[in-house]
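This document starts with one chain, in the form predicted alone, laid out as structure tokens.
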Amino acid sequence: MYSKIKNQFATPEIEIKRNDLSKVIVKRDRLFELINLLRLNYSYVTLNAITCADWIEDDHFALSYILTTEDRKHTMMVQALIGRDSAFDTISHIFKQAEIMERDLHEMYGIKFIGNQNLKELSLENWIHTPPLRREFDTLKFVNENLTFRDGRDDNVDTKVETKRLRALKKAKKLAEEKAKDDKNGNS
């Protein structure tokens, strides 16, 4: 299979990470051709995930399609690089579950998937800012400009202090239960 992929897709970018996990990097315009080859000829019938890495320094995203064989014995990551501001074709016509994955990537990275008719908001209601998983998104600036802080509020809790307090309560309860059990057994 790997030699066929190397020859047919002219890629030396095949990495066997483990016996049950491989990664192939192909040119963007050959990605779906390779996915179809894997699906039809090698039983990679499940799309587990579509992931994205933002390589802002090189001005592209690395889109990875993670596929698993029908018998669940092998997983293949097929990756292509796309421009950070370019659109990309949907794969939802091949894998229905891709629709929601692409919707998430659209919302979090701003990737437009041509042919996916369901690229509406998923979890970010009325979001008007830079997509939050793009590396140019400044989280601290966003928080400072858009969120109110809890200082001075009655429900403001220092999480470290609160965690210690809750652990101490749990420990005290456990000790009390053990003591009550010992007292009961000692009194019987």
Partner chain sequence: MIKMETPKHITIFHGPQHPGITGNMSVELDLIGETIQKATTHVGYLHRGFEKLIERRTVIQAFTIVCRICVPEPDPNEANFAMAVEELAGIKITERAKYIRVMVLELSRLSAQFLWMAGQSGSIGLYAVGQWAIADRDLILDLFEELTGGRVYHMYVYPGGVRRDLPNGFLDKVTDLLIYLKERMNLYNDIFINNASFKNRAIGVGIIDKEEAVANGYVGQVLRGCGIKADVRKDAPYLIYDELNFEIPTQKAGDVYARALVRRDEILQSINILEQVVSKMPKGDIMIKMPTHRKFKLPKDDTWVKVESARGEFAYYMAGDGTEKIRRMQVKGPSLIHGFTLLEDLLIGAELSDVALIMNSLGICPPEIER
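Residue numbers count along the first chain shown, from 1. Under this definition, the rigid core comprises the largest set of C-alpha atoms superposing within 1.5 Å between the forms. Please read these numbers as outputs of a predicted model, since none were measured by experiment.
The form predicted together with the partner chain is left out here; the points below concern that form.
In the predicted bound form, the partner chain sits beyond 4.5 Å of every heavy atom of Phe113. When the partner chain is considered in the predicted bound form, Tyr109 lines it closely, a heavy atom lying within 4.5 Å. The shortest heavy atom separation between Lys174 and the partner chain in the predicted bound form exceeds 4.5 Å. Though the partner is left out of this view, Ile82 does not reach within 4.5 Å of the partner chain in the predicted bound form, counting heavy atoms only. This chain is drawn without the partner chain; in the predicted bound form, the residue among Asn126, Asn146, Ser123, Asn41 with a heavy atom within 4.5 Å of it is Ser123.
Residues of 70-99 lying near the partner chain in the predicted bound form, listed in sequence order, are Glu70, Asp71, Arg72, Lys73, Thr75, Met77, Gln79, Phe95, Lys96, Gln97, the criterion being any heavy atom within 4.5 Å. Once the rigid core is used as the reference frame, the Cα position of Lys160 differs between this form and the one not shown by 2 Å or more.
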